[in-house]
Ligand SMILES: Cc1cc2nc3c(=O)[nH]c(=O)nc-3n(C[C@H](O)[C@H](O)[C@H](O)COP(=O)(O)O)c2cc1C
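The data below hold one chain only, encoded as structure tokens and taken in the form predicted alone.
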């Protein structure tokens, strides 16, 4: 089987497991449940005048929400990315595309990536490549091809050493990735986002990224989808010797606090993701230091349950929850919500 066919099959298996299997962390949470909103009895604002918009990658979003990177590179991905893109265009949300490695291996499924910009001409769109690919021969010119393929506003480099370690066909080779990221930041035509895939970026790792010139970090913390769990299920080994790593990772709340603290050193955009399910989760993440949040698996599941109608219904509830959190904390804007006080539970 060719490399591109193996990649395509893996991507399809990933989507199927994320929608049909329980791949959540088993013993670890996001940490957001440790916080409560500091209720404000005198909010001095009207609920219908709340402003949930924010700016990201030079474009205005109606909500501080990025539909995080999910898929691409196989037959069924075209319909998924088209639907996600249409919803993003209608609602003014940002969209991340799944890993585009397959597009470098073959043109067979280029449409599954390209469709996103056609359906969402006005929203921030983010290309995606793995950190391991940067040290395996994928250079600036090839990544610029990915940018051009979808008209990307930024490129996300995903760090997934845990997933690569557990993936049956993984390549856990990360020596030189940081230098490659620094070169990308210096030479790419669009901004570079560095993200994890669900095990978290700590403050210490983010500090190294900031020193390399990175100015947008997606923490993708633990507590939502365990990609270690996904790969363990794909291995289909009843007594896998590395099964304990299913719950490896740093809770999302801790990642946000640590990474946001680096703003004293450099201007930094922090995306809070990893187990963000409700608008209340999002509000807490923003109050802890995130500029906006990312969601993936819950939206994919909504889409699979009932198409764009069900996805829109989910987002309606999510927006209502966010607005409610803003109202009860006296936060008229997303900027004000960043300064809202949270009480940590004892």
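Positions refer to the first chain, counted from 1. Keep in mind it's a predicted model, so treat the numbers as computed, not measured.
Not pictured, yet referred to below: the form predicted together with the ligand.
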- Query: Would you say all of 132, 161 and 231 touch the ligand in the model of the complex, counting a heavy atom within 4.5 Å as a touch?
  - Reply: no
- Item | Options 171-179, 92-100, 235-243, 207-215; stretch whose heavy atom lies within 4.5 Å of the ligand in the model of the complex | 92-100
- Query: residue 14: heavy atom within 4.5 Å of the ligand in the model of the complex?
  - Reply: yes
- Query: Is residue 296 close enough to the ligand in the model of the complex to count, meaning some heavy atom within 4.5 Å?
  - Reply: yes
- Query: Taking heavy atoms only, is residue 197 within 4.5 angstroms of the ligand in the model of the complex?
  - Reply: yes
- Using 4.5 Å between non-hydrogen atoms, is residue 256 touching the ligand in the model of the complex? no
- Task: Using heavy atoms only and a 4.5 Å cut-off, determine which of 286, 65, 70, 311 is in contact with the ligand in the model of the complex.
- Result: 70
- Query: From first to last in sequence, which residues of 204-229 have any non-hydrogen atom within 4.5 angstroms of the ligand in the model of the complex?
  - Reply: 220, 224, 225, 227
